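Listed next as structure tokens is one chain, alone, in the form predicted on its own.
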């Protein structure tokens, strides 16, 4: 063993960075290992074309928990989230909707297509915001196991049922719709025009392999509305410098608490014996000792590559191998040779 740490985190994506920061903040001597030459995982910004930096995969911030921002002091380390101020929804025959930060202007923009849908959009947005606030306390809790005999799970389930039963009837009805209906079914109940329905439908399919008429699209829509920007439920933002700028903020937080980050350090195997985990072996052959090892890799890499699957339950390995990993998004990047000037922001390329 070349070194000893209290904890090792494998994979410096945003989840691994957050985990390592909390371990270091708790006083543990923490090492974060990353196979690539830069941290960030799927939240990176790279110069793919000379002179142009691209946020390659993850692109926006909304579901970042405010507790993480506060507890890891991310603002002090450079966190700067800019609002996603406009939404463009194209339609047929030259129709479109262009929404911005002003709710009254958005109302009139939708009313240009349908006054009835403008009223419905205002009411639906209000109800979704109320529902998001009601569910927010449960976002930071471990979900209770309905099949467990543990008294703690039973108590948490009772608390959850009591909270849900205490909702206003119209909000409880909306929650039941999200849980049991597709996005299209919900939208058909609220709106009359396809253009307005399309504006909302995208929230039900982002990051999933479902369409707007798939049953699970309702819960996907609700999940995306559980995020916020500057305290406003359902709003989204972009980090200065792209999401790679955000993961660099996390990296600075890790190091500020005393954590160590090593790049170009892919893990070949987790080392363990009858007494439990004892460290990791890198692809270089170097072995590093730690009695706590956390994998922030995906389940397939964790349970079939860096851990010997022969030492794991057969049903776990089978389910992990059968899990589908198809992608569900495409991204187009536009490179501007002459950067526009935005009022109050100048022409900073990081914006």
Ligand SMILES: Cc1cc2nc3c(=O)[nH]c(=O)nc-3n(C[C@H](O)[C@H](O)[C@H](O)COP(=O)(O)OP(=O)(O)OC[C@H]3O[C@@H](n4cnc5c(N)ncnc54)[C@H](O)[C@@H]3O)c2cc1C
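Being a predicted model, the structure only gives us computed values, none of them experimental. Residue numbers count along the first chain shown, from 1.
One more form of this protein exists, namely the form predicted together with this ligand; it is left out here, but the text below deals with it.
Of the residues given (65, 36, 300, 291), 36 alone sits with a heavy atom within 4.5 Å of this ligand in the predicted complex. Across the proposed site, 60, 266 and 329 without exception bring a heavy atom within 4.5 Å of this ligand in the predicted complex. Contact check for residue 229: every heavy atom lies farther than 4.5 Å from this ligand in the predicted complex. When this ligand is considered in the predicted complex, residue 10 lines it closely, a heavy atom lying within 4.5 Å.
Contact annotation for residue 43: at least one heavy atom lies within 4.5 Å of this ligand in the predicted complex. Contact check for residue 29: no non-hydrogen atom falls within 4.5 Å of this ligand in the predicted complex. Stretch-level contact check against this ligand in the predicted complex with heavy atoms at 4.5 Å: of 65 to 73, 291 to 299, 310 to 318, 45 to 53, the positive one is 291 to 299.
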